[in-house]
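Starting off, we have a lone chain in the form predicted on its own, written out as structure tokens.
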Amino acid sequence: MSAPADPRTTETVDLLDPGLLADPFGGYARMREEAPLVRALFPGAASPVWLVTRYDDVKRMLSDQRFVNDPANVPGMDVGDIRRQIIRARGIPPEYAKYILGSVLDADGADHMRLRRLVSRAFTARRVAGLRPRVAEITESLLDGLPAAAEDGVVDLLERFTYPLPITVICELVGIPEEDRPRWRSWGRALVSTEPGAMAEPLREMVAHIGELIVRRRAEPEDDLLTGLIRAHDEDGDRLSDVEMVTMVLTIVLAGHETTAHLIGNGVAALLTHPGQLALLRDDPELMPRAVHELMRRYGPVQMTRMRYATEDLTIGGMPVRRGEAVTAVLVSADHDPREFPDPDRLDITREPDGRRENHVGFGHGLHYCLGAALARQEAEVALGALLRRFPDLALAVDPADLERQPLPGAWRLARLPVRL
């Protein structure tokens, strides 16, 4: 599809191009070497977006406060909201758009800090470390059930392990009752569907469900995140509105299990197709924190950030970006940039110098760095370590080329992960 005439580029990338979906690593590598900025069109969007492709530029852009998430915060302009165009195309009713666009992920400046502070205590390093025994307990219980769930020795690890673990952890943290958790798994599946209208009814159901939980938890407080949000709302409505409270629960539960499930799933698939790295990790389990960082860099499930809008004319990689234009950081391109990572397509679990810091941008960078990154890494460490220990003969049940993936632009997610125990 051709873009309006612009001296900076004459081609617009179709993010639904089958070749790009099948091989985003090679596709974005070619773009990265051609230009630091590439014009692209998201499904359902009327206006193009600039893709930032190179590692240094991605980090600079993500930490540059001249970019905002909400186009209404671009001064002196009525900027078209590409996000609204996309969700309208996906059939989300206008009255529910606020639950998608009003999250901590989309807020700027003081609003972003206000919302982030309300939940950040639940994700501190100390709190996350305190959750590790419970994460291990849930992990072992799920692994206990795998043999019985297998048919002819084969089980779908996504369905039976990599999803149930993070959804149990985040639901316990937030305060979602056990009997309601299968519904969240179903809702999460619907929300990533590319079918027009598939998101509408699940979103209605989630909002109604959270409203019911708030009423229940207000009457019967617990030691969970939801009770803390209710307390903040009731003590000072300026700290958290009704819509923000529902949106916060929605965002944390979905973001808290979807990404982690696929980090673990992608990690298992990667290790089972790189026997040398798997053997190295089995021989030295202390490498696990470094291995998780490398798996996130090489096969991270989130390949792009949310859109940001330039509040003034500026440059990225020497190319001009005009006020009001939208940009998106391509994390998978940055994390495979040979300027930063030698031999970037090689999986090397010893690449990171230690497990306590990260060079990759798989969890983002800057003020919007992933709030739950420490918890996601911990769950991956525990899950992978226990799985490899409990099932030393674990192997893929299909040829690696036959692993099904969800055809989602900006994501690297398996549809299922059949393994032989």
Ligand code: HEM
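Keep in mind it's a predicted model, so treat the numbers as computed, not measured. Position 1 is the first residue in the sequence shown; the rest follow in order.
Although not depicted, the form predicted together with the named molecule is the subject of the following passage.
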Segment that reaches the named molecule in the predicted complex - one of 180 to 188, 144 to 152, 266 to 274, 297 to 305, heavy atoms within 4.5 Å: 297 to 305
The one residue among Leu375, Leu37, Leu387, Met61 placing a heavy atom within 4.5 Å of the named molecule in the predicted complex is Leu375
Looking at Cys370, Met31, Leu396, Ala45 here, can you tell me which has any non-hydrogen atom within 4.5 angstroms of the named molecule in the predicted complex? Cys370
Does every residue of Val104, Phe123 and Ala255 put a non-hydrogen atom within 4.5 angstroms of the named molecule in the predicted complex? yes
Closest heavy atom of Thr227 to the named molecule in the predicted complex, within 4.5 Å or not? no
Leu158 near the named molecule in the predicted complex, any heavy atom under 4.5 Å? no
Heavy atoms within 4.5 Å of the named molecule in the predicted complex: does Thr139 have any? no
Ile170, heavy atom within 4.5 angstroms of the named molecule in the predicted complex: yes
Heavy atom within 4.5 Å of the named molecule in the predicted complex: which residues of 325 to 351 meet that condition, in order? Leu331
